[in-house]
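Take a look at this one chain, the form predicted on its own, written out in structure tokens.
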């Protein structure tokens, strides 16, 4: 554990290092329970950092791209910045306005990505780990109930970074936790991910309205640029004249994963980068994955490499429940009640081909 800088409120933050297999190393921060760096070897054995982010907490404070952060209490969007639960309306921060239509995004103005988490270095099943803990009080950003959250990162010798989420509440509340890492498998600071080749285990996706809220339909991917059941290069699809891609200026959609046969993480997506030979595999227990292609990065953020992050210089695969579920009774429920335990696991595994 080493210092990572001081927040505007004078809180001291820290950085933690987890050593994986040869050439594999992960760095984490207690600010936002954030994945800061992930060094992984390419096919020639050269190790590079493959996630976007900053050298100190100063880069993360006040920034709204959620680089590497744990996102909550509710990742993704809730329409109108409000929801009704058990007969009561709860008003949230409307901190996002796609198409000029207000909504609640990623937990609000001060979501979990902007909090200092308690942290403990541990060993989990023989793997080095860091456990982050946070209490979100009643009324936090408008949400009901006091929520206690644990997020544990652990890494193995096989290049797999495992993220285990747990949470309990004393009052019914929606919850949708995810990690918001941006990957560039060539290496952080390289300009584009358009050459990456993506496969997603989904035959349906969630179309959105002009405000980037799901319409409620689970649409088939057949004969659309959303069909990633066979490997496809991002750049070959993203400029397609498709109304959904126009609305989001690229991919920013939830893919409906095939039914989870067990409670163990199963394969959701793979991404291959042919220059480096790096292969990212994503396994999860969640029913969906949000594929986002960095459409709103604009080059104003300068990362760890000293190079700016322009549009589409990183992609996200955010494993999660569906957006706007509190308004969509046909979607899998995101309501956690007292006496229940929220559990979710996602594994990002980096290898070479």
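What you see is a predicted model, and the numbers here were worked out from it, not measured in a lab. Numbering follows the first chain given and starts at 1.
Although not depicted, the form predicted together with beta-D-glucopyranose (BGC) is the subject of the following passage.
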| query | finding |
| --- | --- |
| Of 153, 182, 165, 117, the one that lies within 4.5 Å of beta-D-glucopyranose (BGC) in the predicted complex (heavy atoms) | 182 |
| Option touching beta-D-glucopyranose (BGC), based on a heavy atom within 4.5 Å in the predicted complex, out of 204, 77, 82, 133 | 77 |
| In the predicted complex, segment of 269-277, 216-224, 69-77, 140-148 with a heavy atom within 4.5 Å of beta-D-glucopyranose (BGC) | 69-77 |
| Exercise: residue 292 in contact with beta-D-glucopyranose (BGC) in the predicted complex, heavy atom 4.5 Å | yes |
| beta-D-glucopyranose (BGC) contact in the predicted complex: residue 196, any heavy atom under 4.5 Å | no |
| Contact flag, residue 65 vs beta-D-glucopyranose (BGC) in the predicted complex, heavy atom cut 4.5 Å | yes |
| Contact test in the predicted complex: residue 30 vs beta-D-glucopyranose (BGC), heavy atoms, 4.5 Å | no |
| Contact check for 106, 212 and 252 against beta-D-glucopyranose (BGC) in the predicted complex, heavy atom at 4.5 Å | yes |
